[in-house]
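Presented below, as structure tokens, is a lone chain in the form predicted on its own.
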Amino acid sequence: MIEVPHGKPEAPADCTLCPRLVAYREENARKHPDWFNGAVPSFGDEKASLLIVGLAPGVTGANKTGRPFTGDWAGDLLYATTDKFGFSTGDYAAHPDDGLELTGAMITNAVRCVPPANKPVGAEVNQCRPFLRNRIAALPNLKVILCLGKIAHDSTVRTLSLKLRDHPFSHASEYPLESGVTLLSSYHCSRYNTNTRRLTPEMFESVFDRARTIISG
């Protein structure tokens, strides 16, 4: 597993590394002072065998609620799927006080602050990468990393000091790594991907089924 460098696996809520993201966060805070409006922390089990890596908080999802994939369409599909495959308990009700808990799983994002138009630029992904590196390193029982979308996949590949040409993104791609961890990827469970049927619930579930199979040994 990756050695933890100096630093922590979670960004401070008022992280200042990316000026564009800070400005957008502050703009949202002026309009909606009751929202979270900060770098969203990872959510889940510190003993997780599965780490799910998303892209970034949604403006009315995690940026509002402070919990990854909470309050938007992507979360509806993601948390229904974690429940189906035994990675969560309780009922997801789209707010952080709904009592939902992840079991054997954790969810994080490649970029911890909400980007304008849901599109971080490369420099912002790079700036946030140490938090992803530290997050991975801090999970001693990790067996599977599941990336949602190409940006999350590419950032994770770089985080693991692997070459993109040897680990290209595709839906249901699978790369067993020398560390013993398996890298899986899926199309992102966004409303656009599901509405266009680029990603169906069955396709999404098949990747989770594979993750469960790997973890179960």
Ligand code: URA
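Don't overthink the numbering: it's just position in the shown sequence, from 1. Not measured: the values here are computed from a predicted model.
One more form of this protein should be noted, the form predicted together with uracil, which is absent from this view; the next part is about it.
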Practice problem: Please state whether all three residues 54, 62 and 72 have a non-hydrogen atom within 4.5 angstroms of uracil in the predicted complex. | Solution: yes
Exercise. Could you confirm whether residue 153 comes within 4.5 Å of uracil in the predicted complex, counting heavy atoms only?
Key: no
Quiz item: Do residue 44 and uracil come within 4.5 Å of each other in the predicted complex, heavy atoms counted?
Solution: no
Quiz item: Okay, which stretch from 168-176, 24-32, 63-71, 155-163 lines uracil in the predicted complex, with non-hydrogen atoms inside 4.5 Å?
Solution: 63-71
Quiz item: in the predicted complex, which residues of 174-195 put a heavy atom within 4.5 Å of uracil?
Solution: 188
